[in-house]
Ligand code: 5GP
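Before any questions on binding or motion, here is one chain by itself as structure tokens, the form predicted alone.
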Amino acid sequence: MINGVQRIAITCHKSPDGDALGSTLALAHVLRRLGKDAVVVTPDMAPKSLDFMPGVRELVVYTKHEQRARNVLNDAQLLFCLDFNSMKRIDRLAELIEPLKIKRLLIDHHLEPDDCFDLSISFPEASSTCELVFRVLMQMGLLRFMDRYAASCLYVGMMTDTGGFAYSCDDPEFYEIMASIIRRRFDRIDLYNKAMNTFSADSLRLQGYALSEKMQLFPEQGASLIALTKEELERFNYSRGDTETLVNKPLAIPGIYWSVFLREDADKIKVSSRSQGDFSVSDICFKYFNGGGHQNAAGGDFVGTMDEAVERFHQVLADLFPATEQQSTEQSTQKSE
């Protein structure tokens, strides 16, 4: 399929994270070294926190350059769909892609992909879509075209989608892949610090406020909850990506093994959840928050008010831990007061 075309478009899910950007940019780097005209089209802007990734300034952002995005997709002879399993994950970009009479190739690690792709490389057991891109390149014999720029993008994606190598990376082959990537001799420490340890002053203040004033603990259920309204986000000049790692913070507390973060957007409540061990937050997000993901990292959306979303969280507690939910809620309320 690649050999038979010249113009290739690559896209990912809306609100692209490190894995979405890493996989699309890395693939674009390799395809260009093959002599192809490869362009990455994203549904919306990437967070400023990922501005350091090689090639990010060459993205064609649909919400910013609509006509250019239309031109790229209409001219494309082949389309790669990375890090999403359903057209609803690409928002309004789906309206441009669905009528196209070109092959769609999926590379993704989310559960149950839609049956709308001509070729699906779907492997939910993988740590990230970046890992899958590496495996695909390896099996096609194209690793020799993976330069340090492509390797940097894959590294960032694999790192961020595992929470800094904290979960979803137990397979020893993960580290064999990482070793092959690192051999491309990029500045690994610099990328790690930029991706995992760099925050704006507003972001740090927001996270401090969230942990000090908004974090609720439910020790009996090993759970935590942080809920931030639009007003609270605006108070700290919120920018996308400012709360990217916030959901992980409560897991540092002994006895807390799953965490939920609720963030109020313009038209819905964004839900993020993380866990440790065998506790599946994917099941919770699928059943209660119209989402899903992986066992230890999942998300979803809730249409309603923040109070209703918090009430839904307490419903989760009541359903999973019926004997302890009321007692823990009362204790949490008392501590907050």
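Note that residue numbering begins at 1 and tracks the sequence as displayed. None of these values were measured; they are calculated from a predicted model.
Below, we refer to the form predicted together with the named molecule, which is not included among the displayed structures.
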| query | finding |
| --- | --- |
| In the predicted complex, K270 touching the named molecule (heavy atom, 4.5 Å) | yes |
| is_contact(D301, the named molecule) in the predicted complex, heavy atom dist at most 4.5 Å | yes |
| 4.5 Å heavy atom contact, A309 to the named molecule in the predicted complex | no |
| Contact flag, E264 vs the named molecule in the predicted complex, heavy atom cut 4.5 Å | no |
| Location of the named molecule contact in the predicted complex, chosen stretch of 290-298, 41-49, 55-63, 24-32 [non-hydrogen atom, 4.5 Å] | 290-298 |
| Three-residue site E220, K249 and H314 fully in contact with the named molecule in the predicted complex at 4.5 Å by heavy atom | no |
| Residues within 4.5 Å of the named molecule in the predicted complex, restricted to 64-92 and counted by heavy atom | R89 |
